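Quick setup: one chain, the form predicted alone, written in structure tokens, and binding and motion questions come after.
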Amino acid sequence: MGRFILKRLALLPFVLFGVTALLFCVLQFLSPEMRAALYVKDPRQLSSLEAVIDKYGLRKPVYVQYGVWLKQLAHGQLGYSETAKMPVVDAIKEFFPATFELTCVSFLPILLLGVYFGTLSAVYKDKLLDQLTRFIAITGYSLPSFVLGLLLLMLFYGKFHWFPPGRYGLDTDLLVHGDSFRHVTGLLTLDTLLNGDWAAFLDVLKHLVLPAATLIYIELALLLRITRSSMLEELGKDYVRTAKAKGLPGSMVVRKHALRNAMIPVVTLSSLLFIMLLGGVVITETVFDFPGIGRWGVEAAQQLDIPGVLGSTLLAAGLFVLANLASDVLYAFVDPRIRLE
């Protein structure tokens, strides 16, 4: 297993190289003037486009530009993001913790509820519980996230003023940017606790409730369906009938035998879901004005912020490879046949 993990990690630089090279080539379809216009803020200074083009070497061959970017990357420099008004590395440090925090709050309920109710739905097929879980799965799968997000905002913020959008309120904002606040992890739920400020901690949690609830309901749907389908397939196999014929309790047959075999597709989906959340959920972050990595990446793409696009894409590609590695390792624990091989 150790050798397998090392081999997969050794492939990571090649995957990142391929992703960035492909993206870099696609971006070359933009004219140098279009890319240089990003750095010109005053329309009266359009005559300085050529100076910007010469400064950044935008007319040089693509392999030369890509080589310069790789050289900067080797020194830990990803360029300057005009969208974020800061270096790309600092922008990732600024926006990624917010997305990671939202992912941690959302993913565990999605996984636990999806596996639990998906299993019960298969065990009690066509019963009332099955009908309810299927209703949740169908509505969650078909309902656009921005519609659900706006409905939650109108109800719980517009009417009751319970859960506001954003990442924190005005009082917490003053605290977070104050000199006395210690930024330890970048995760405000933890940092507010480490600073001993319970009011700020509760404020941060209040701002997480609606975006997390939106993600849980929307993403839970697919995991419910996959778990239910996989469990129904396993429950109809001969080894399950044999276990029941031997007199084993139904709960033990489901938990010890069928569920473990049914978890293989669930592991695959869960790892992809986790990386999708980590890569940034653009629509949800936009609806709730949540300053995450996904919203920044889209804004960078809209404004032709090439360093920002490359930085966010590089991060997403690396996370995707690591998630695939994690799912392969989890297979060995779920399926003994893979472990023995």
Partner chain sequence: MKKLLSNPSSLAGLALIVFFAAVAVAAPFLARPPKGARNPYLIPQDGYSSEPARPSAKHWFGTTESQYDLYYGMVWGTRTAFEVALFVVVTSLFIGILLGGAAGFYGGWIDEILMRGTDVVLAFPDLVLAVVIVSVTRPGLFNAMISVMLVSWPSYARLLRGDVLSIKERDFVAAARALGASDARILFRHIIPNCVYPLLVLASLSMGRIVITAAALSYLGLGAPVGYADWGQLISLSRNWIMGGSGNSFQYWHTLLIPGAAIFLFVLGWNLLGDAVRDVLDPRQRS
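Bear in mind the structure is a predicted one, so any value in this text is a computation, not a measurement. For the two forms, the rigid core is made up of the largest set of C-alpha atoms that agree within 1.5 Å on superposition. Numbering follows the first chain given and starts at 1.
Omitted here: the form predicted together with its partner chain. The next part is about that form.
When you look in the model of the complex, the only residue of Leu132, Leu108, Val184, Val147 with a non-hydrogen atom within 4.5 Å of its partner chain is Val147. Contact annotation: of the candidates Arg260, Lys159, Lys71, Lys127, the single residue with a non-hydrogen atom within 4.5 angstroms of its partner chain in the model of the complex is Lys159. Annotated contact segment (heavy atom within 4.5 Å of its partner chain in the model of the complex): 223 to 231, selected among 112 to 120, 194 to 202, 99 to 107, 223 to 231. Using a 4.5 angstroms limit between non-hydrogen atoms, Thr242 is distant from its partner chain in the model of the complex. Put simply, Leu273 is far from its partner chain in the model of the complex: not one heavy atom of it is within 4.5 Å. Within 4.5 Å of some heavy atom of its partner chain in the model of the complex lies at least one heavy atom of Val287. Contact annotation for Ala301: at least one heavy atom lies within 4.5 Å of its partner chain in the model of the complex.
Residues Ile138, Thr139, Tyr141, Ser142, Leu143, Pro144, Phe146, Val147, Leu150, Leu151, Leu153, Met154, Leu155, Tyr157, Gly158, Lys159 are the members of 131 to 161 with a non-hydrogen atom no more than 4.5 angstroms from its partner chain in the model of the complex. Phe320 shows a C-alpha shift below 2 Å between this form and the one not shown [criterion: core-superposed Cα displacement of 2 Å].
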